[in-house]
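Here we start with a single chain on its own, the form predicted alone, put down as structure tokens.
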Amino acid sequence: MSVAERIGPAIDAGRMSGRVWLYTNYHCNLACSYCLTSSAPKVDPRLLEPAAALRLAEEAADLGFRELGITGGEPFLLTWLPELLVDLAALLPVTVLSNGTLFTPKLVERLRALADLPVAIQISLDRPDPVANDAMRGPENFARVLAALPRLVEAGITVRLATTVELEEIGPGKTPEQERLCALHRSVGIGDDDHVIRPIVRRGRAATGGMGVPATRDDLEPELTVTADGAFWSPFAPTVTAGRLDTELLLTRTVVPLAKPASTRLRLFEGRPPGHDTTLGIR
């Protein structure tokens, strides 16, 4: 049985995720305190060039995957990203993660082409006030995100909000601080279904600070993730600690054809006992 013939039934049965993640880059204009990739302005970009990303997306669609996730680093540092998102969305629905600080009116105009396409921009905002938020993410982060959200919504682009918190802040109900954050996103037209709250993961920069929850193969939902360094178990896997790439969750160094790491992931996942996954995935 071919890899494509195995992937569809595995997705249908809930035994693997239908989404493939692409790390377009590793550099970022911020240096968040809990960043799992240890991204920062002077970090080696380690780019996944547009042609490579498009080829991988084409292979993902051919294999039977159903969604794409685009992340970094900060993907919108890449001047060619808006056009690439249009091309990717012609193949599969896309979610692209962003810190939300680069959406100037000029960039938003370039992104208007996404309004009628299956593309969602997921923006990070962790606290409902600037002091607490910017302590984690950097100066003026809060103000820039608050300026960007209504611009993107007005342009007709699907916007989601992602809030990263300590594990004890996640429970059956929302904390008063999270309720204030929800009031904020509702005020600009982002509904509760488009707000995800997730825990800090103890990888990358957070590993040395002692923050967050541990993330091993048994903790992470397997979502095939491709970077310039190879293919990994999860978007939480290709981390950098103390300047070195963590490879314990590396699937293969080879990413083309995508069938090779996909086959490796299927084999590893199918050998796992049931019930091991926790919900640490990026929505």
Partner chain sequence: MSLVPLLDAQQAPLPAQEFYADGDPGPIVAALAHVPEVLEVTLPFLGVVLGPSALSLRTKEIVILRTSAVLACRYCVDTHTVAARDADLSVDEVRALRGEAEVAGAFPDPADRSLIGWVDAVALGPGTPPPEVAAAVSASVGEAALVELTLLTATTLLLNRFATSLGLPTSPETLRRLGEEGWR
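Positions refer to the first chain, counted from 1. On a predicted model such as this, the values are computed, not experimentally measured, just so you know.
Form predicted in complex with the partner chain: not shown, discussed below.
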Can you check whether E248 is within 4.5 Å of the partner chain in the predicted bound form, heavy atom basis?
yes
Please tell me whether any heavy atom belonging to R15 falls inside 4.5 Å of a heavy atom of the partner chain, as the geometry stands in the predicted bound form.
no
State yes or no: in the predicted bound form, is some non-hydrogen atom of A259 no more than 4.5 angstroms from a non-hydrogen atom of the partner chain?
no
Does F65 make contact with the partner chain in the predicted bound form, using a 4.5 Å heavy atom cut-off?
no
With the partner chain left out of view, which of S33, T241, N29, T252 would have a heavy atom within 4.5 Å of it in the predicted bound form?
T252
Looking at the partner chain in the predicted bound form, do all three of R160, T164 and R198 come within 4.5 Å of it through at least one heavy atom?
no
